[in-house]
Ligand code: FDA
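For reference, the chain that follows is the form predicted alone, supplied as structure tokens.
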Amino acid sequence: MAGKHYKYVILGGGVAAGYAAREFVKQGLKPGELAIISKEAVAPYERPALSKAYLFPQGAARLPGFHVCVGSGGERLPPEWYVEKGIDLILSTEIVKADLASKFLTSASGAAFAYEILIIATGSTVIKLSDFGVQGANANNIFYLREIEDADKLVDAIQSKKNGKAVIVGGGYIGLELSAAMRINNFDVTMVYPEPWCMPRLFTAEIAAFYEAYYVSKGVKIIKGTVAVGFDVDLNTNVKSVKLKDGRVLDADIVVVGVGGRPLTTLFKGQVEEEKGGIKTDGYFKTSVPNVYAVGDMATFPLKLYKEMRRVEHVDHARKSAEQAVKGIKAIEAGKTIEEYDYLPYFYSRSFDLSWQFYGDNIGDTVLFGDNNPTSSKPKFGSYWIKDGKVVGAFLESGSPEENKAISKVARIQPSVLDLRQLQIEGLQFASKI
């Protein structure tokens, strides 16, 4: 089969692709060696901006302002950068077949690409309500947020439905960030989720209680313990209302759904070893297939700190795993060795005037400290997670850069704790003295 041939191909054009490209250049990439193949129409960008700053009514983020690698304080890589470095940025191109044995990729239009080394960085796709057969889920003005195209459609709807009613389905990352964004745009916002509290994968009931009360104080209505089971539409198939399982019906001009994602592994089924919903890799992100690497959301990798295989869906890991894979590739070529990936799980979010960071693992007993009164003028609080007498995780709302660094150090070092009551009294001071 004829086709373009590259030494390296990165499949996927998200955050990981941009950081991998930058690392290749740092390691001495030659012009013409690397191609990035992406179904998106734009060069790699910092995806978190879509749910944080893209929807702001004033001073909204727009490209080229948030191309990678600005999210980690690095140089911004606009489309021209790839040209200057001799990297082929192949956009608006969906790969529909991947033959890992023959080292060939085939696009929807029939174009073929051969490679010597492949980095799979296809990320995740959003879970849609239509996947569950929810009635009316394909109506207009029901939005999901994954790519910039999704964000542009949502911005258009916000402008055309000014001061309207928005229903946010889901109480996780997307639900919380988009509820805040829609409120800032002066929408009447209701957030609906089935769990007993928001962000249940990370928050304790006590942490969640603060955010729920804070959101209510900002005018967000919260309905817990139920799900959307259907949508009513008008004559133009625009969504008109949301039907909930508990029988309530909510008027809606815009619905935004954030109920999770799935790693995009379908192309590689049966060709590569999988584990825990992702592609199994080692500490260098090598897969079971020679010269094939997987990074970001879709990689199940050895989490050295906890001695277990884990898959992490977060931009920080997407960046760092991409860099690690490239370092590993170049080390093999140079006959050298590098350290295995040693990742400290990290999550963060910003909404309204709030900003939190979390490091480590959220298992074991918890100790809440600080001022978590949502009516305080400047609330500041945190939580530690303690397992087997050691602090294994730390969360902080409204921390300074130095304080956030301190809690990350605690989660990495895992100091011993004998007295949980004393830990609560010391609070942030405990982290600062480690």
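As the structure is a computational prediction, the values presented were derived from the model and not from experiment. One-based numbering along the sequence shown.
Another form, the form predicted together with the ligand, is not on view; read the next lines as being about it.
Shown here without its ligand, the chain is overlaid with the ligand as it sits in the predicted bound form; no ligand atom lies within 2.4 Å of a backbone or C-beta atom, and the site is open. This chain lacks the partner; the member of A114, L267, A157, L303 within 4.5 angstroms of the ligand in the predicted bound form by a non-hydrogen atom is L267. A heavy atom within 4.5 Å of the ligand in the predicted bound form is found for one listed residue only; from L34, V391, I37, I407, this is I37. Not displayed here, the ligand is approached by I95 to within 4.5 Å at the level of heavy atoms in the predicted bound form.
Though the partner is left out of this view, S383 does not reach within 4.5 Å of the ligand in the predicted bound form, counting heavy atoms only. Proximity of S179 to the ligand in the predicted bound form falls outside the 4.5 Å heavy atom cutoff.
None of the heavy atoms of D188 is located within 4.5 Å of the ligand in the predicted bound form. Exactly one of the stretches 330-338, 232-240, 116-124, 71-79 approaches the ligand in the predicted bound form with heavy atoms within 4.5 Å, and it is 116-124.
For the three residues I142, K165 and V220, a heavy atom within 4.5 Å of the ligand turns up in the predicted bound form in no case. Looking at 348-365, the one residue that comes within 4.5 Å of the ligand in the predicted bound form, counting any heavy atom, is Y348.
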